[in-house]
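This document starts with one chain, in the form predicted on its own, laid out as structure tokens.
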Amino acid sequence: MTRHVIIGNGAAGVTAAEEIRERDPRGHVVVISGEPYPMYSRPGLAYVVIDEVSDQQVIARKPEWYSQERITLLFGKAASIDIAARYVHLEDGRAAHYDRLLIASGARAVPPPYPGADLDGVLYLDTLDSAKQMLAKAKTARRAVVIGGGITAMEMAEGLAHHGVDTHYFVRKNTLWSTVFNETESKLLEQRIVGRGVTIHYNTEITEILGDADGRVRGVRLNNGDDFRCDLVGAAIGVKPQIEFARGTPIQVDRGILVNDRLETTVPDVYAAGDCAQVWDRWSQKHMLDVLWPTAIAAGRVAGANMAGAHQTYMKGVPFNACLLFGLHVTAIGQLGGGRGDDGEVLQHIDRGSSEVWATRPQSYASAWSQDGANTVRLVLDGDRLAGALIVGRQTLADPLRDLIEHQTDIRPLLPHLRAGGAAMAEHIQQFWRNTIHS
């Protein structure tokens, strides 16, 4: 009987467990969870903090599901891996023996890199417990500062403002989500953010979080030397793969765990998938990190199949994320790079809900643009192929563009309409999609 052990109870780990159980009905499956909950939806936390759903509604697998599938859920944090003896050792001294191991430990928020990061009142939106803490703190807080340039920072700002906290969003640059948005897209989102009562401070950074005598946040110090009073600091400056337990082993590690096209690590019978895995990316021709829910599910399925004896190749799909920010629907697909025509920056800490591929932008790329009020479509063109798309507002083109990018469809018949832009561009894209992908 094969013993399958999975470190991680998120999208990749649970999908892998499902796949293993389907292919190996008799095998022993153990899922190690670093949090005291069954699997829950990490993207759903944004809706918890704005009271759209309860914290119970984001639970994606009930405890009885694990029992029904004969999957052992082991609560505890992985501390080390003994490759020779094939054991995962937990921080509390327990150990799990494996024949095949999947590392799907995910990523966690990076703390602010300056004094005061450990004060009471520094918040993250990264786990179910952190969402609960944010809701509890918002009940009594008067003023909050949020730092970070990506989706999670804006979700935190929206959540705090929703609960009546005077919320100030500090942005290092002069546009919002600068690795993805261009100036026009940033302005559209800015209108929504300000309309919801959040004050945006551009070109503003903090150098210290200030505390009172009881160890609670009392303010922040700005890069110009001024102090700014607040009760809470929401930090979303990026996430980092949780792979410390793999360092010092023969498993090859870069910023994440390096894997081949079968999601195998450099150690036999050890696999990695999800936010902690650095996977070969066909779009950028590099090993890249994604912190995307659909990517984690797809990778978990292939990793689980291969652990159960299959020989599947993982072909990473086009990076895709859809989110709702301050009532504005945003979908990002493929390579974007902010639309400025410069080389994109791959950050040391990737933002939650994003892909490093979005930040790459070869100089050969061109773009097409369409705007209809608060609805915009920006296309990134690589010769006769679409390389990326950003859709803000109306989402009728999300599926067609995702298909055209994923299939690398020759779009030469579309090029005149794309270059012309305007409202008619959307109609031509849909018609072309129906006639090619769905003909």
Partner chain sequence: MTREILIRDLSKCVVCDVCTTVCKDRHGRARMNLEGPRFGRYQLPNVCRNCPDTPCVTACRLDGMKERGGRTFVTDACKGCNKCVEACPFGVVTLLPKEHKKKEGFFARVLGLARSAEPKAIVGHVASDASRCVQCGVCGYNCPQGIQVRDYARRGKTVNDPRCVRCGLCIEVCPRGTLRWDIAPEIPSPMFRADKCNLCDGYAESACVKECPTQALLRIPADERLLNMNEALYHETVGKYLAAADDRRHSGGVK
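For clarity, every value in this text was computed on a predicted model and none was experimentally measured. Residue numbers count along the first chain shown, from 1.
A second form of this protein, the form predicted in complex with its partner chain, is not displayed here; the remarks below concern that form.
- Remark: of stretches 308 to 316, 156 to 164, 173 to 181, 126 to 134, the one touching its partner chain in the model of the complex is 156 to 164 (heavy atom within 4.5 Å).
- When contacts are defined as a non-hydrogen atom within 4.5 Å, all of Y47, V53 and R402 contact its partner chain in the model of the complex.
- For the options R94, R142, R216, R247, the residue carrying a heavy atom within 4.5 angstroms of its partner chain in the model of the complex is R142.
- Distance criterion of 4.5 Å from any heavy atom to its partner chain in the model of the complex singles out P43 from the list P43, G34, G393, P38.
- Using a 4.5 angstroms threshold between heavy atoms, P294 counts as touching its partner chain in the model of the complex.
- Its partner chain is not drawn, but in the model of the complex it has no heavy atom within 4.5 Å of R255.
- Residue contact check for F320: one or more of its heavy atoms lie within 4.5 Å of its partner chain in the model of the complex.
- Looking at H28, you'd find every heavy atom of it more than 4.5 angstroms from its partner chain in the model of the complex.
- In the model of the complex, W65 is the single residue of 65 to 85 with at least one heavy atom within 4.5 Å of its partner chain.
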